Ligand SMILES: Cc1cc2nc3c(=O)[nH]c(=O)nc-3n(C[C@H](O)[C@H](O)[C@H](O)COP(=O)(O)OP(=O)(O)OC[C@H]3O[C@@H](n4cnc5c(N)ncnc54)[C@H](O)[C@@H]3O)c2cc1C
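Just one chain is shown here, as structure tokens, and it is the form predicted on its own.
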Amino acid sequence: MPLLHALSAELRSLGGIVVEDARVVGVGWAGLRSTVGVRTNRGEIIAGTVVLATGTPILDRGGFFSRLRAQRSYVGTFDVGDRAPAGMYLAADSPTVSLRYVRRPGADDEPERRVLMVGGFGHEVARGGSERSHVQELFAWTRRNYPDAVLENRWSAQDYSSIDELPYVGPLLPGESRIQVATGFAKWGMTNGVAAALAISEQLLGTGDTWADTLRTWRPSELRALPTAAKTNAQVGLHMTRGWTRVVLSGKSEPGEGEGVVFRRGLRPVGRCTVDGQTSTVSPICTHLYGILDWNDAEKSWDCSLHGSRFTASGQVIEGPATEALGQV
């Protein structure tokens, strides 16, 4: 947050404008292709150049949704007394676990203390079974190794990895520099994000260096990753088929508290969930490429196993390539 505050302050000092609480729903050419129009839920912006720095590009042009894998991972912070490690560690085995400490200011006159941060236990979005089971696995691992650990906070994150493990930074389409993308940071956003910003700014200002060629959006290294791309998209097709088959074979239509179910009403798929006593009924068809959504029982959201789009219990877009809310039923 201090980094974001510093960046936004510098942007404003240079005459820039920061707009919050607006969702971009489309980007296209304007003015006989001389400018770029950015459509949002609060109006349209005209620009000379646009950088899509969303987790995954919200434009299907360029096919980045088929060149990225969406992954979720989980993190918890724990009070372990004076046992928090003094370094940062990453397990070499499975499941992936990372450890580090964070400094937490003490309350009132209490001294600063170290808190243990445990992360990992990730999986591809909506493909790892119960999300809550992964959170519980994280807790169990921590308490096996730190029996006195007391949970203080927990959260999760969504990240995108490219088929050749390097970020995509550069034009959305070959030869057209007015719409740029930066994606595929693979959980290293604080470093890859800065590298992407440097690469794009140098390109736009005409001061680019050869190091950035490694990250360009259309690069020869992807040819070596074609088998990975084929496997990734074959899995997408498999999950598409499984989702629609699940609708045909569905039974339960009344979810308990914290549950979400997908069932069939005639020929029409229906998604229903109950969160904090409030039951919502939506169309469980992803508005991106029409996959059947899965219920995320850890975060109470509708998640898409195809390309990682996510929606709230009531159907509003959270993230991913989808830009439209779920239909109401």
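So that there is no doubt, residue numbering starts at 1 and follows the sequence shown. Keep in mind it's a predicted model, so treat the numbers as computed, not measured.
Beyond the structure shown, there is the form predicted in complex with the named molecule, which is absent from this document and is the topic of what follows.
- Per the 4.5 Å heavy atom criterion, the named molecule in the predicted complex is contacted by stretch 180-188, the sole one of 102-110, 180-188, 224-232, 146-154.
- Of the listed positions (T142, Q158, S161, T77), a single one reaches within 4.5 angstroms of the named molecule by any non-hydrogen atom in the predicted complex, namely Q158.
- Though the named molecule is absent from this view, in the predicted complex it lies within 4.5 Å of a heavy atom of just one residue from A30, V275, A47, A53, which is A53.
- Taking the partner from elsewhere, L11 is found to have every heavy atom lying beyond 4.5 Å of the named molecule in the predicted complex.
- In the predicted complex, Q203 stays away from the named molecule, with no heavy atom inside 4.5 Å.
- Although the partner is absent here, T217 is not a contact residue: none of its heavy atoms lies within 4.5 angstroms of the named molecule in the predicted complex.
- The closest non-hydrogen atom of I58 lies within 4.5 Å of the named molecule in the predicted complex.
- Using a 4.5 Å cut-off on any heavy atom, the residues of 3-36 that reach the named molecule in the predicted complex are, in sequence order, A22, R23, V24.
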